[in-house]
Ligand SMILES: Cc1cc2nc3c(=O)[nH]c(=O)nc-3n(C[C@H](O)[C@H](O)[C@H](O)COP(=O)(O)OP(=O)(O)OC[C@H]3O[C@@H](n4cnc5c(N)ncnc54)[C@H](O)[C@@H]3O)c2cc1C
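Okay, here we've got a single chain as structure tokens, the form predicted on its own, with questions on binding and movement later.
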């Protein structure tokens, strides 16, 4: 789809879009400050932030935007998306305010529980529904992921041996032609933190359908034990104090992957591994956090990340944190520094949005 070359052309289309949204009773906010919604607490001003309250409105919105040749950008919880500074005239769509975001479907199959979920629902709320209402075991490893179901479909989100696509049936979305498409799991080409959606543009995921086998129903106490383990582990090893972008790179072990890129990174990896093992064997685990902070500083020196406003988390090098700035472009520049060193040999997991009009 063609993007607009002139802001005046887009501005005129936005004026007509606002009239249409009012006519269709679709909620929107003008001049939405994205840093108030971003988990990294930075980003530009969305001139039009659209929030449909039901799926039908979301679908007709997607069709209208295609028909009017307006490039739009859907966002979820803005937990792994970094949008540039400045005014953004391309409409931004968010489905967090969909009413009744989870519906249990009638199902004649006595072995299956079928559920329809709005793409704007947070992963946390979805997992808690599955645990508390369905008593289904298997998704509790995702309890701490801050994104939405729609975003989880794009990245095939996974954590602690739980994966969002494990129980997936199909995904419904509006494609770049304005057509409402249902695509089944086998056709989505899920891989490690990847899906067919990552190769698409100008599309809007609206609903996601899951089938849960009743054989996975377990005692709630047993499921809660697993949830507590995940929460405690996250508390120890993941950033919890500063605004952040979550995992920067799609990797199971960034330290190990980086060690293959250069001799200095290999040496740093050996230091990290040997130091961690020594602390586990002979010292209190609290020393591990101090050691990790030291290791992170060494990696920052290697990557020449000296800026004070954004840096790597003290707990892990796979997390960018905001130490007191609302300048998204500065955060983007740091990620570009990392990308230049890594040269694309490890896939970036966060979505960096620089080219919105």
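Numbering follows the first chain given and starts at 1. Everything numeric in this text was worked out from a predicted model, so none of it was measured.
Only in words, not in the display: the form predicted in complex with the ligand, which the text now covers.
Colleague: Determine whether any heavy atom of residue 356 comes within 4.5 Å of a heavy atom of the ligand in the predicted bound form, and answer yes or no.
Modeller: Outside the cut-off, so no.
Colleague: Would residue 254 show up as a contact with the ligand in the predicted bound form if we use heavy atoms at 4.5 Å?
Modeller: Flag for residue 254 set to no.
Colleague: Does residue 39 reach the ligand in the predicted bound form, with heavy atoms at most 4.5 Å apart?
Modeller: Yes, residue 39 lies within 4.5 Å of the ligand in the predicted bound form.
Colleague: For residue 234, is any heavy atom within 4.5 Å of the ligand in the predicted bound form, or not?
Modeller: So residue 234 counts as contacting the ligand.
Colleague: Please pick out the stretch from 124-132, 266-274, 217-225, 70-78 that is in contact with the ligand in the predicted bound form, where contact means heavy atoms within 4.5 Å.
Modeller: So the stretch in question is 70-78.
Colleague: 178, 191, 146, 213: which sits within 4.5 Å of the ligand in the predicted bound form by any heavy atom?
Modeller: Result of the distance check: 146.
Colleague: Report the residue, out of 137, 249, 203, 209, that has at least one non-hydrogen atom within 4.5 angstroms of the ligand in the predicted bound form.
Modeller: If I apply the 4.5 Å criterion carefully, the residue I get is 203.
Colleague: If the criterion is a non-hydrogen atom within 4.5 angstroms, does every one of 119, 159 and 351 touch the ligand in the predicted bound form?
Modeller: Each of the three qualifies.
Colleague: Using a 4.5 Å cut-off on heavy atoms, which residues of 149-175 contact the ligand in the predicted bound form?
Modeller: Read in sequence order, the residues that approach the ligand (within 4.5 Å, in the predicted bound form) are 150, 151, 152, 154, 155, 157, 158, 159.
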